[in-house]
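The chain below stands alone, shown as structure tokens; this is the form predicted alone.
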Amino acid sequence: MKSLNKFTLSLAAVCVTGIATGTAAMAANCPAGFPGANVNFQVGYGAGGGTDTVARKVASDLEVATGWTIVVQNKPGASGGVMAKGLLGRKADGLTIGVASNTTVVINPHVNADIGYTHNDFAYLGTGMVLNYGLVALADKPYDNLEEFIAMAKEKGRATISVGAATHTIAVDAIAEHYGVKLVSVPGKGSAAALKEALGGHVDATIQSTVHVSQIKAGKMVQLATLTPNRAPYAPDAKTLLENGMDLSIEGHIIFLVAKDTPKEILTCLSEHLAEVTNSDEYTKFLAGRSAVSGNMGPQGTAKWVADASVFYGKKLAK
């Protein structure tokens, strides 16, 4: 499991560098006359989800900051794959910006040979929110933490966990291996579907990133463990996997990307404006209200994180 730990440490370094770079940007440098037309945000998921909510907030704040007109369009399908593949056919003029999750660019190419792209086919502007993955269960279950959950699974001989992405399945397999217990991943069509399975009592637990937070705040669910390096702000009592003795942490990001051949001066313009918005007090308060943080890694930090994550998941998914 040492490779998992090395990957975690590299993520922390990238995040620190990216945040510092983004905060330093005070005013974006844009080509004269840019954009000269509407800017389109193409969201790789349906309306109302976490990625869509963040995309619309960033678009709104960018309009206020720049005077641009930004149109948000939802292009769901294949965990953002439909949007990403469509982005390849767009003119590299910076007028079409994809909004995706890490699953879109670092998981899809490894699990779908027909997806039609790799992470190298895009240029990255930065990130908009850290996805705090957690292992979650109904509050009325007879376990409130990972230790009790594992004890239940060993007593029953197995436990079921609904998942909405390959990232989640990797975490389930790693937890099962570490504790020597049978954990069965129950695939769903996205996190919302996986959450529905858990809320309906059809599985013992689920792995989620954002859509379960309201359920925790309402007292309907409890976070058994946090998969990211640090405890989640909405579940401060839930230990991380690292704190539970595992050499594993997995996190995700909402990522902003454009066509790879977009001119450098346009990339600078867009990434600097994105940094201004995502590091603003207004945006920080917006995410805090959703028990989330920005953590914009900037263009170089995002590109490095994506490249490292692609290698990591490529190895894990090849097993």
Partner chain sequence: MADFSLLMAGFSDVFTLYNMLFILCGVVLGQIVGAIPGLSIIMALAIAVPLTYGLDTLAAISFLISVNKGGTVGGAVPSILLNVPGTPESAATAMDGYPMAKKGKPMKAMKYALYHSVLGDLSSDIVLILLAAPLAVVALKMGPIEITALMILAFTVISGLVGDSLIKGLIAASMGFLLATVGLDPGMATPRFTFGLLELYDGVPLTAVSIGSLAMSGVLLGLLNLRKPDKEQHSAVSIKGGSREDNTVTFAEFWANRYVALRAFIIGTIIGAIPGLGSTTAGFLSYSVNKQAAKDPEAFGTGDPRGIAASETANSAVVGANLIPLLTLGIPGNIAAALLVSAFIIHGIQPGPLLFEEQGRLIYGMFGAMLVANFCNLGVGQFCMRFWAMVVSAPGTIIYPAAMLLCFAGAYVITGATFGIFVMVSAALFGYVMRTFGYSIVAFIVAFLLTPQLENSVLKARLITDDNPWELLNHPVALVLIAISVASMIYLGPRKKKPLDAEMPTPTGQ
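Positions refer to the first chain, counted from 1. The structure presented is a predicted model; accordingly, all values stated were derived computationally and were not measured.
Missing here is the form predicted in complex with the partner chain; even so, the following discussion is about that form.
Heavy atoms within 4.5 Å of the partner chain in the predicted bound form belong, among the stretches 141-149, 157-165, 228-236, 245-253, to residues of 157-165. Contact check for K75: a non-hydrogen atom falls within 4.5 Å of the partner chain in the predicted bound form. Remark: G188 counts among the residues lining the partner chain in the predicted bound form, judged by a heavy atom distance of 4.5 Å or less. By the criterion of a heavy atom within 4.5 Å, G289 is counted among the residues contacting the partner chain in the predicted bound form. Proximity of H273 to the partner chain in the predicted bound form: non-hydrogen atoms within 4.5 Å are absent; the residue sits far from the partner. Residues R56, K57, S60 are the members of 56-70 with a non-hydrogen atom no more than 4.5 angstroms from the partner chain in the predicted bound form.
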